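Presented as structure tokens, the chain that follows is alone, the form predicted on its own.
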Amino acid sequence: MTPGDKKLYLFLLVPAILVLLLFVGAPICQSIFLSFHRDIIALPQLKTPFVGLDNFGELLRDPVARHSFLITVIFVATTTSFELLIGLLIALLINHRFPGRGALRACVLIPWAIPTVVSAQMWRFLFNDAYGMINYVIFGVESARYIPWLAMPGTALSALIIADIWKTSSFAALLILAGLQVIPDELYRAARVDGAGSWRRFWHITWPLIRPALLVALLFRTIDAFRVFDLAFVMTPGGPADATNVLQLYGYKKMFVEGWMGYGSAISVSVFLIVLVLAIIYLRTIGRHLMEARA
């Protein structure tokens, strides 16, 4: 690569870097700045120029914030586990050659292609206790029994989890399928010659070689699940009884409903730091597994 090529590459990168700084870097810096201030829109007389870490200390003492964090952890752990499992099964299925495989792959990606707000609204209709299709399927059209799925704390979070699993399992399947595509067929043919069955071929060939792809899927899905907002906002708005009040939704309520800009920014910055730490841990793990796989 000549010095002229390097200058050309840097010149071509400048627009992308400027866009990232404008639409990503600037909001992050503004949120960090506000998190160190007590800024209340409705009560400007109580605005404090600088309060240091007081907002974060109040966040640690806030029982609603601790409850929201617990709800978020439950949501992330459950959805990520099921999405990876279902995604693995889907990827193993569509990796085989059979008539109509291309059409099936396209159909699998439909839930992921639907905007989250649209899919959330669809699932809100499905779980509706008065006219929802799920109650009709379980109890029948003529039955007077029904379950208020979105009106009870136990079932509301479950409904949210089901909706997220339905939408994003296909994304995990796509990432895992990419890992399956790079496994040489010669390994499977050699294993069949040696008399290895389907389970032994999966456990000794497929599983070790797709672990990097699984870790990449785990990284993306964990980060995305921790940032969940629109699904909860449309389906339940955090209710009932804060049963689906995830951290991002709680920060939105503090900022744009109650007007506590500084405290809401502290919540957003905390979510950002949690996601950053998880990303670093996952990336180090992925790097180690990639080095082991190459060795």
Partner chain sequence: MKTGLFRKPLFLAATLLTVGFSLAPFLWFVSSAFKTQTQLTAIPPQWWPAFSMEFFRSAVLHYGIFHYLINSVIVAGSTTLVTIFLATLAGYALAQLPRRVSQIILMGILTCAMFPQIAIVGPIWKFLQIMGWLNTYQGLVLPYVALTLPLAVWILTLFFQQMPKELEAAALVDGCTRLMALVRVILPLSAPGLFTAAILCFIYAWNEFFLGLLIMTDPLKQTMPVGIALFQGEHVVPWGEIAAASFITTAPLVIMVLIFQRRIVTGLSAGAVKG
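Just so we're on the same page, rigid core means the largest C-alpha set that superposes within 1.5 Å between forms. Residue numbers count along the first chain shown, from 1. Worth saying up front: this structure is predicted, and the values here are computed from it rather than measured.
The form predicted together with the partner chain is left out here; the points below concern that form.
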Of the options Pro148, Pro153, Pro208, Pro111, which one has a non-hydrogen atom that comes within 4.5 Å of the partner chain in the model of the complex? Pro111
Select from the listed residues Leu84, Leu215, Leu157, Leu175 the one whose heavy atoms reach within 4.5 Å of the partner chain in the model of the complex. Leu175
Non-hydrogen atom contact Ser31 with the partner chain in the model of the complex at 4.5 angstroms: yes
Considering only heavy atoms, tell me if Ile41 and the partner chain come within 4.5 Å of each other in the model of the complex. yes
Answer yes if any heavy atom of Gln248 is within 4.5 Å of a heavy atom of the partner chain in the model of the complex; otherwise answer no. yes
Using 4.5 Å between non-hydrogen atoms, is Asp194 touching the partner chain in the model of the complex? no
Given a 4.5 Å distance limit between heavy atoms, list every residue of 245 to 275 close to the partner chain in the model of the complex, or none if there are none. Gln248, Gly251, Tyr252, Met255, Phe256, Met261, Ser268, Val271, Phe272, Val275
Does Leu273 shift between the shown form and the other one by 2 angstroms or more at the C-alpha, the core having been superposed? no
